[in-house]
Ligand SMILES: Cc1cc2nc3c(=O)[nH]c(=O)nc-3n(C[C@H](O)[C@H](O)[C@H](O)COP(=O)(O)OP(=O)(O)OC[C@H]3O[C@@H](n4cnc5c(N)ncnc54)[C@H](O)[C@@H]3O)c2cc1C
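One chain is shown next in structure tokens, namely the form predicted alone.
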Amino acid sequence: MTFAATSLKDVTFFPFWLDNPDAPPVEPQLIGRTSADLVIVGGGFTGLWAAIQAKEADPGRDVVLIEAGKVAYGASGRPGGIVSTSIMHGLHNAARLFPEDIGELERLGQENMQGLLGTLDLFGIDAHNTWGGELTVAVGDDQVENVRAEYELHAEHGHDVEFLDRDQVQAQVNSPLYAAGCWNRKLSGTVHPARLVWGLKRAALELGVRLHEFTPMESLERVNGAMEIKTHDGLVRAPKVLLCTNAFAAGHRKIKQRVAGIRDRIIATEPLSGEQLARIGWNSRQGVYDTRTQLNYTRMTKDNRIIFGGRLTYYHDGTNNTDPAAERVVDPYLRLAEAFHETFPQLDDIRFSHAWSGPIALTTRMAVHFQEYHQGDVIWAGGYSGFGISTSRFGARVGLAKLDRADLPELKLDFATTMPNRILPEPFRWIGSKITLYALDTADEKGGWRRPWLKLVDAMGFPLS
């Protein structure tokens, strides 16, 4: 039996983060009619950050937040948990999209992370945060120059960054694949996503937000001058609505014209023993991204597990299913386990405890954007294709400012006034995604037509490779 099959033999198909006795009690669903000054749809990172910031700016504002299921059970309790100052899916993506504004975007990203840290301190949120930085690693000698370019770009924009050669990077994280690294040290690291969401939920409740779980939105329309949201068992009226539904793209049928819900797979090891830890080093506990065509990322947890993710898939039914049955079997995770073994062959005695997938919002921007509906009284804020844990705070702040028509300087920047391109409708979206994701899976191994195809996808605005 192969390492992948053996290591996944007794795996639990559920997010490690959510398999936790510290989960807070569920808030009651909305029953009956009510009204508010602001309704927020979605109880993940963006929705909770929006609720907190709205109440901090105006404690008297009546804010209702509705969540279709349980807080953190959609996407926010499922990511790898690496955080950074980037608000545009990485510095290279920011330079690709908004070269004229990159200095201001960098400043806003630093400010955003300081605000995140301030909230953790103010409300005493223990998210198991570790600030060891983020490490981009070259997989093979042919990727060293790409990592050096990453280092030079970060150094140019004032980051506390270090270029590591093969010996230096392997002294940080002992993997035979790692040929070089770019270590960005400041204001980046890892968090426990579910504990962060639950802490934000507690903060929102302490501030007076009315939060209702198991309250799915069934319709949204303007009635007699106000927005009405009908739920399964209730109705809420408000002058303004912020849609924080990201990959689920709920709230208006046109949202999905620019957003595709792609699923990202993750596996978690059992806790490593002291002897196993010694085999890999990793004393600084950086969050790590590699340069495989099908990118993998990895990090350590407080109890010394390795979280390893990064294999994408797409389902024809889009984003509606939080936990598809096809993701609750071993087969989708075999390639991911094989990639883990290639990365850490010295851990051939390790076993995986959890395997799961979560939705991310893929757009041609690969970063947050804002869509306006009902004459600007409804704003959708989302589009995180990674980096969403910290960026969601920024997206919530800007989304609220747009909704309130505030005089915020960043609202004049291109990221706030433009949207990503439309993407193909079904079934062409599904066909294109299957070809592209297969090419990502096999380009490093087989080459051929896959490289030109991925270049074409990149030219269309999806820099996946």
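All residue numbers are counted from 1 along the displayed sequence. Just so you know, these numbers come straight off a predicted model, no measurement behind them.
Another form, the form predicted in complex with the named molecule, is not on view; read the next lines as being about it.
Chemist: By the heavy atom within 4.5 Å rule, which residue out of 106, 264, 150, 290 makes contact with the named molecule in the model of the complex?
Modeler: After the contact test, the surviving option is 264.
Chemist: Heavy atom within 4.5 Å of the named molecule in the model of the complex: which of 196, 306, 75, 259 fits that? Just give me the one.
Modeler: By the 4.5 Å criterion, the partner-contacting residue is 75.
Chemist: If you check in the model of the complex, is residue 239 within 4.5 Å of the named molecule, heavy atoms only?
Modeler: Residue 239: no contact with the named molecule in the model of the complex.
Chemist: Under a 4.5 Å heavy atom criterion, is residue 360 part of the interface with the named molecule in the model of the complex?
Modeler: Yes, contact at 4.5 Å.
Chemist: So, in the model of the complex, is residue 41 in contact with the named molecule at a 4.5 angstroms heavy atom limit?
Modeler: Because a heavy atom of residue 41 falls inside 4.5 Å of the named molecule in the model of the complex, the answer is yes.
Chemist: Hey, in the model of the complex, does residue 355 get a heavy atom within 4.5 angstroms of the named molecule?
Modeler: Contact with the named molecule, no.
Chemist: For the interface check, one of 78-86, 342-350, 139-147, 168-176 should have non-hydrogen atoms within 4.5 Å of the named molecule in the model of the complex; which one?
Modeler: Of the options given, it is 78-86.
Chemist: In sequence order, which positions of 356-394 have a non-hydrogen atom within 4.5 Å of the named molecule in the model of the complex?
Modeler: Contacting residues: 358, 359, 360, 384, 386, 387, 388, 389.
Chemist: Tell me whether residue 61 and residue 252 end up closer or farther apart in the model of the complex, going by their C-alpha atoms; the shift is 3 Å or more.
Modeler: Those two alpha carbons end up farther apart in the model of the complex.
Chemist: Versus the form shown, are the CA atoms of residue 406 and residue 252 closer or farther apart in the model of the complex, given a shift of 3 angstroms or more?
Modeler: Compared with the form shown here, the C-alpha atoms of residue 406 and residue 252 sit farther apart in the model of the complex, by 3 Å or more.
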